[in-house]
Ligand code: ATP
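As structure tokens, one chain now follows by itself in the form predicted on its own.
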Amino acid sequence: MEKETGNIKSKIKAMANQEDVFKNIISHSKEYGFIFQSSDIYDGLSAVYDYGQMGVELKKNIREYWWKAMVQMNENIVGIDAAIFMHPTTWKASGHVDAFNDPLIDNKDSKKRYRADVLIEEHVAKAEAKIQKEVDKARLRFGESFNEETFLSTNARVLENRNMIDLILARFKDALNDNNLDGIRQIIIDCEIVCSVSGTKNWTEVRQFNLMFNTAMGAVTEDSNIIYLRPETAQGIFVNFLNVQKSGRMKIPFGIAQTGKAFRNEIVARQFIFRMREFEQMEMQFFVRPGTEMEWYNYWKNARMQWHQTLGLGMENYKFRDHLKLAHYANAACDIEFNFPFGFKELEGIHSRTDFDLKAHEAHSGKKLQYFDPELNQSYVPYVVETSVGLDRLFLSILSKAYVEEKLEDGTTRVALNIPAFLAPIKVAVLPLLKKDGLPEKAREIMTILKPEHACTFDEKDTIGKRYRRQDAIGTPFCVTVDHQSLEDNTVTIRYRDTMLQERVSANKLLEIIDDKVNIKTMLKNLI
């Protein structure tokens, strides 16, 4: 009972400190070379970020794991790299020119602008948090005899909050499906949602704002065409459907994968790299026979969740959430949400896009985008199941769960990034105990053996304890210390980041020990 009580109190305290932890993560990211504000010397550019020397390595490793799992591990999926600039009719056909909007609302007193849908979602999330608080309190009170299912179905305060949530979501869904902006505003008013700055409920009307950036192509402005920075990478796949299918002799079902930059003029960009104006997507469009799309939709839901859970960030930090309103191209859609420091938010989307995109491009281009199915002896426009994950959001999910502040037995505190070892920017640090007596030279010999296989760093500055702390802070899973005994018997001390345990091993076994923990092949085998 005492242990359970302590765990619940710790959980409640941890939830209260999440905002401070998130601020620490942002500060840590800059201090240790993961993420910088773009144009920092000019006071930065809002919602645009640069990845530093550590961040670019972590980002590259995440991208590589996604790519290998998606393309290398699936015989019927190939990759492309489509251009950012596309013919402007592309975005008319896809619906982005007419329908790629966010509903915005301003507070008249503070002049602060909000996404109306996010205000409602956050209000619902607060009500859900109240339910969870009641559950935690009841579990604390009743101990092992607590039955959560019975409590949720009988407690008056829980039922009151649940009924309120269901009513709000039903109204919200109807308003979204009817594109009823007045209805969305009325929900905000009825819920008495206040501005976080002014504390007032003095709201403007809700209006739609198109998110695409446009620019001009051509040497002379008057003769140039208006084109758009792509708001998603998917359309580059759709317009290349036949090119890939014919050149690769692809047979349905098959997929086309792509990673790359996308751009959205987010008016309410916030939460660090969670919502940015320039970001990177990792998408795969899977082309299937019409009528089989729901089977494949469910397949990819499960496959993508399995992939995320191989990262070891905790199964409890993921959940599916079905869309309240389907996009104009979809007949089914859900998100994989992740428990970020600011709550559960979208990490990856899985959508059954029907044949909307290919048919739309057929109509606007005048070119047939059909597949001849030899088994059916007929041609048809394939249906599409999409998986789309934000690389930056994935980066943030890993960083936020990896960041730990630990109180050690000697009373000191260490900050560490327990990044999955196979994704860590630096896999191993080689540290000569002293900068003399031949130790740096011996350490360099070991470094020469390790660095063709793994990302390594060499550090001989400061005490060994300070060097350990720095490597912990950047997420290096292994430190190899070379001392005088190393010169005598070719052994070294290997220190493990997560446990801080040390062991003496032969330098000849280092590659084997490290490779077992950091090789991406081990992770890919888990997906078979």
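Just so we're clear, the structure is a prediction, and the values are computed from it rather than from any experiment. Residue indices: 1-based, along the sequence shown.
If you look for the form predicted in complex with the ligand, you will not find it shown, but the lines that follow are about it.
Using a 4.5 Å cutoff between non-hydrogen atoms, Glu266 counts as a contact of the ligand in the model of the complex. Interface membership of Glu346, defined by any non-hydrogen atom within 4.5 Å of the ligand in the model of the complex, is confirmed. Heavy atoms of Met276 reach within 4.5 Å of the ligand in the model of the complex, making it an interface residue.
The ligand in the model of the complex is approached by His351, whose closest heavy atom lies within 4.5 angstroms of it. Screening His308, Arg393, His361, Arg171 for any heavy atom within 4.5 Å of the ligand in the model of the complex leaves a single hit, Arg393. Checking Thr90, Asn418, Gln370, Gln281 against the ligand in the model of the complex, a heavy atom within 4.5 Å turns up for just one residue: Gln281.
With the ligand left out of view, the stretch that reaches within 4.5 Å of it through heavy atoms in the model of the complex is, among 76-84, 291-299, 439-447, 384-392, 384-392.
Residues of 468-483 that come within 4.5 Å of the ligand in the model of the complex, judged by any heavy atom, do not exist; none qualify.
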